[in-house]
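One chain comes next, on its own, written out as structure tokens in the form predicted on its own.
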């Protein structure tokens, strides 16, 4: 078989955990769970309990430099410090901006410019966007393999958050689209408030090497609060949010 015929497989850091739960994969080459069997039951968990999901795969680039906010606006990403700028189209870019000189751009893997169309920030690959940013001056690093993304949503989430973190993660302290650096189950990470259909929610950007520990800890602590793992289809999209893409379901 020629090298060109080999399709690389992208694997979640939790692939073995998802497999034990009976995951139906996004595809044979993208090992992230769409569901664990009963999509309607998983959607009910979102509405009535607490849903924990690992949507993906996502490409991610870290941008650092004094002109980061200006450079993002040059690309049409009107993000502010301490805020998440959600994608405006399915498969678009989510800009995490924890500080004025730092951003992480996140996009569902495989999105790029369609053939025969002029490239824009909405259609370019992250690699192409990274080159544009480098030409403007900031440091740009591919961190796709360095982090994974977790999603927590549900009406019973607030009580669980008080057990997961010493930081106040209430809606008053962290409004929708707000970003905070916090310790969760003993691990430092970035969290973005991202409510869904009127339900409280967070997106967690977790260091890949800590992903299994964080997942297992949240599952254990969340059991008494009605938490269950779900696939991306529970949010009616294979992506992280409707804004992140049509399957993620995080509005």
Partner chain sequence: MAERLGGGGRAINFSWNGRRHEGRDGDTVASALLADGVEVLSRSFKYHRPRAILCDAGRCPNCMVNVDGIPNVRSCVTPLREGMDVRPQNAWPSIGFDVMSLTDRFNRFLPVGFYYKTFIRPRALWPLYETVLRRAAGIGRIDEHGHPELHPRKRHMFADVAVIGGGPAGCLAALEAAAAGAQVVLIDDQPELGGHLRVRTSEVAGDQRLEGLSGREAAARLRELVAAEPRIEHLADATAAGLYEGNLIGVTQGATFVRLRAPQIVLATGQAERPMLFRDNDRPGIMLASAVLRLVWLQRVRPAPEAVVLTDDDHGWRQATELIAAGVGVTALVDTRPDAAAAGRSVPAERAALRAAGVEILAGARPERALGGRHVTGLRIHTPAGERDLRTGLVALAGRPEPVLSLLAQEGVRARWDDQLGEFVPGDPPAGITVAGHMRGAGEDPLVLAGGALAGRAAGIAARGLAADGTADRIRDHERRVAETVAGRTPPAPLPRPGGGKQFVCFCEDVTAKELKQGIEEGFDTLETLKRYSTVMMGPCQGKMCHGLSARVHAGLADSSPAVTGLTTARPPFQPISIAALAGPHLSRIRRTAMHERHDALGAKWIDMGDWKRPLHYGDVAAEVRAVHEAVGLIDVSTLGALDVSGADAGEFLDWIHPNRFSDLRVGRVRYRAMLDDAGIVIDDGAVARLAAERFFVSTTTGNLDGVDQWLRWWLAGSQRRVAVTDVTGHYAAVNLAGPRAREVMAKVTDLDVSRAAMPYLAAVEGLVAGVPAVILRIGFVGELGFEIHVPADYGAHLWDTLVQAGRPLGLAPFGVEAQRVLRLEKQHAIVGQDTDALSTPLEAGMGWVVKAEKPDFIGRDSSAAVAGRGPRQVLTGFEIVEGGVPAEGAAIVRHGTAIGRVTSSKWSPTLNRAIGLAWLTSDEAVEGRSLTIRLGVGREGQTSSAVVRTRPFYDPDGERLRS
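The structure displayed is predicted, hence computed values, not measured ones. Positions refer to the first chain, counted from 1.
Just so it is clear, the following notes concern the form predicted in complex with the partner chain, a form of the same protein that is not shown.
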**Complete:** TL;DR on 125 to 133, 92 to 100, 79 to 87, 140 to 148: the one with heavy atoms within 4.5 Å of the partner chain in the predicted complex is 140 to 148
**Prompt:** Any chance residue 24 has a heavy atom within 4.5 Å of the partner chain in the predicted complex?
**Reply:** no
**Asked** Any chance residue 62 has a heavy atom within 4.5 Å of the partner chain in the predicted complex?
**Response** yes
**Message:** Just checking whether residue 168 would be counted as a contact of the partner chain in the predicted complex - the rule being heavy atoms within 4.5 angstroms.
**Reply:** yes
**Request:** Give a yes/no on whether residue 212 approaches the partner chain to within 4.5 Å in the predicted complex, heavy atoms considered.
**Result:** yes
**Prompt:** Judged by heavy atom distances of 4.5 Å or less, which residues of 209 to 225 approach the partner chain in the predicted complex?
**Reply:** 209, 210, 212, 213, 216, 217, 220, 221, 224, 225
